[in-house]
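This document opens with one chain alone, in structure tokens, the form predicted on its own.
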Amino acid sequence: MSHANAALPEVETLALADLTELLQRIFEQHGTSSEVAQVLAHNCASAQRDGAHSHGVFRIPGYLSSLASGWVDGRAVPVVEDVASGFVRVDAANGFAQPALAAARGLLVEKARSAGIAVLAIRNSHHFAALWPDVEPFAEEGLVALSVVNSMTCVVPHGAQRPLFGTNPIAFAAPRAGGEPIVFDLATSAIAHGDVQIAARQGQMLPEGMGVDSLGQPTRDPKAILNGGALLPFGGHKGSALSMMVELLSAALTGGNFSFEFDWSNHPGAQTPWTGQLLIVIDPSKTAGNHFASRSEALVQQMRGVGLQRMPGDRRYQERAKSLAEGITLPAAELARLRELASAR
């Protein structure tokens, strides 16, 4: 028995607030303002809390590498522009997208409640996180939210020979009476880029249909995809069309870069895509009857009634409840490394 226990990885558990504070110190030590550090740390720790490991502390080295390269401005101050009754623009000033969203959030909600719908167009921004944390808080306030963001070129359009699109996720959140909001976040690629990186690190093969190698040949090897290869869209031409839509909404409409328009070759270590993000927020109280959340719950009950065992987001909510009750568990070696980064000068 003692041998079996010795083989188990050594882990440590800490509270969400403690992990957030640790990550905030890391960001501040590596070139961000305290305001930016606070937003990024909350985002990253929340992903870890919810079991979204590909967007949790796994992302810290990529953040720090991008900051060190000078590619992204960790001290950028977003410029919010009130341009129309239902439209807000933000120039992220070559900073991260989440602080730009935070800066415009109050105005966006105010406009959505006033006009019934409001759009937030973020440009000149870097998005390196999961997309669901951007939309879920709106649903918690009774609003419906949809967001799209494009990334760096790494996906071959259906029927093409070379990559052009990013993983280009779409996230949606809606309030629900008597339950957690309905939230989903999906890449328009067959697999998220972060999941390919994790598979490569763990030496695991991917399922068929995820990507191609540097010669354009199908491969299950994540390292072949990352080293000169590319991802494929999910669902063939359907995912490809959605990815194109995300490029248009995230970049063309906002004034941000398309996935193929930026060049980070002069910034070794850069990993954060310099693109754009669009959010659409709707106030469902403006519709007839004002019972949207109840209608959401009715749909969920019908979906369960026909045999659906797990709703989108259920696993995330289960992980969240467990983490909040028991703490967030991390390998001790990884936590030690984070603490080193937090104290580095």
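Quick caveat, the model's predicted, so the values are computed rather than measured. Each residue number is its position in the shown sequence, starting from 1.
Separately, the form predicted together with a small molecule exists; it is not shown, and the next lines address it.
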- request: Choose one stretch from 150-158, 67-75, 117-125, 82-90: the one whose residues place a heavy atom within 4.5 angstroms of the small molecule in the predicted bound form.
  value: 150-158
query: Would Gly194 count as touching the small molecule in the predicted bound form under a 4.5 Å heavy atom rule?
result: yes
message: Test of understanding: in the predicted bound form, would Thr167 fall inside 4.5 Å of the small molecule by heavy atoms?
response: yes
task: Decide whether Pro99 counts as a contact residue for the small molecule in the predicted bound form under a heavy atom distance cut-off of 4.5 Å.
output: no
message: Just checking whether Arg49 would be counted as a contact of the small molecule in the predicted bound form - the rule being heavy atoms within 4.5 angstroms.
response: no
